[in-house]
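The chain below stands alone and is given in structure tokens; this is the form predicted on its own.
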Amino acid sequence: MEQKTQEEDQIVTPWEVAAEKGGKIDYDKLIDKFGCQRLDQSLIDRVARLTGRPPHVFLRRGVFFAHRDFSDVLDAYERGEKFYLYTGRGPSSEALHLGHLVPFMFTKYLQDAFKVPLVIQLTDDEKCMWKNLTVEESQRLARENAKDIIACGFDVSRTFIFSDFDYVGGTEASTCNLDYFSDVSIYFQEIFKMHTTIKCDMDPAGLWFCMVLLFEISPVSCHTCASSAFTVEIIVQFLLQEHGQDCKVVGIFGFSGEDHIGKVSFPPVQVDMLLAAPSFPSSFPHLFSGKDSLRCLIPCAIDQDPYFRMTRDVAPRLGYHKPALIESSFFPALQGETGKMSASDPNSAIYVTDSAKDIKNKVNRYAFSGGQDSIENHRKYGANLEVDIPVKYLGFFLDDDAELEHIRTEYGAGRMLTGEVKKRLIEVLTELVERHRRARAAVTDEMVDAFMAVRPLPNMFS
């Protein structure tokens, strides 16, 4: 996480994104600060060559713009070595907005292009902790969100979807007693309920005790490949005492004494899950038995980078490949590019449940325009494309490169008006949302069960 400083006021964490003084997110600063690499044209051309497919629009237009070790994954792929994909979703709302679809649309492309398996994690435990939801409501939202994810077109023969509450301890489900697996899952839910009641402004010894207790009794620690060695490593990483009082996790993630112990303990738990479940193939014996050296590629937004930086630091000590990342910029709110879309403000986003009328109203009323304040001035000066949200949205969802360039040229020169650009965006978004709505309506509870079943995927690499 990047704390607010005198030199840099923008905030980018797994839970909050805010640009400096109401401006734009400075992605060059993020690359420098996080230590990742820019995704350059040579890598994009290499993806096209290796897959025999045109690069996805999100690659061509720089939506996915940074990476960690993506070139290593391509090197291995070129040698004939496969990899698997991992991405996820924190289910905190009934429906997804378009910003939520971006990583899944891109992951679908990667799965189809490289013909590789995919695991999708639903962090219902995180949202229970951070959004003050009950365990039961978090689990319900996870299944509802799973339907939207499945509607993106993933291949059930190559895809395994799991939720943390249901799957914790479940890496042993194919070989262990399923009743025990169920008991472990229920026990983990009770741990989370307990942690939401304890504040973290306790003395360091008490905090240490709670953290150690969590890991020693956590099903994640006890029933995954990383187990005790990883538990000790993570505790050392997160609970190094500074000046005898301040816990490192508080400083890194910006917690205060008013936050409950579950929030403070969540990053180590989340990293434990990332390592012991999604990032390491040995954690999925029903999928990757005997394939412990299989690499993992994680498409995600760049605000998730802090979690994976810590995961990557620990991985080599445990004998695993560092998970590779390919990272996207944020999908802007309708009101302007000051951060990412917020599910808490319905007028900042287009949702997959919005009607055609809703989409038209939101775009016309709320989509920030870079056009001038009068037709005369617009014809004279043209639009400011750097701040124009309709043009930015078309950059995400209008497939035709030639049409997009035509709009940018004509609008930037003042020969096309804001109303014309918004009209085209409304058409594009209405078609996208309606297509998703039809696909989602076809997803049944039985299909969700099939995607989430702990099972082998015998044709996942074919």
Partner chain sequence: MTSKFAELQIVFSQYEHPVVLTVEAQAKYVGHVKGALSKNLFLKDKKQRFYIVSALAETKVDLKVLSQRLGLGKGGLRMAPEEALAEILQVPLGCVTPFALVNDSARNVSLLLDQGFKSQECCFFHPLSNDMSIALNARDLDKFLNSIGKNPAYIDLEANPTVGKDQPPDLANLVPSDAAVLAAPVEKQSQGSEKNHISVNNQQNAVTGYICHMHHNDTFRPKLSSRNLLFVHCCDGQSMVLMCIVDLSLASKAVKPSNASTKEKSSGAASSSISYADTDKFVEEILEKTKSIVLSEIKEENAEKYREQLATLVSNNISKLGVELKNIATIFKNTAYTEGFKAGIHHQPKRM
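Residue numbers count along the first chain shown, from 1. Remember, predicted model here, so these are calculated numbers, not experimental data.
Quick note: we don't show the form predicted together with the partner chain, though the next part is all about it.
Within this chain, Lys108 lines the site of the partner chain in the predicted complex, having a heavy atom no more than 4.5 Å away. For Thr353, a non-hydrogen atom is located within 4.5 Å of the partner chain in the predicted complex, even though that partner is not displayed.
Interface residue remark: Arg437 is counted as part of the site for the partner chain in the predicted complex, having a heavy atom within 4.5 Å. Although the partner is absent here, Asp401 is not a contact residue: none of its heavy atoms lies within 4.5 angstroms of the partner chain in the predicted complex. Stretch 428-436 is the contacting one of 406-414, 31-39, 59-67, 428-436, since its residues have non-hydrogen atoms within 4.5 Å of the partner chain in the predicted complex. For the residues Tyr366, Tyr307, Phe154, Tyr77, the 4.5 Å heavy atom test against the partner chain in the predicted complex is passed only by Phe154.
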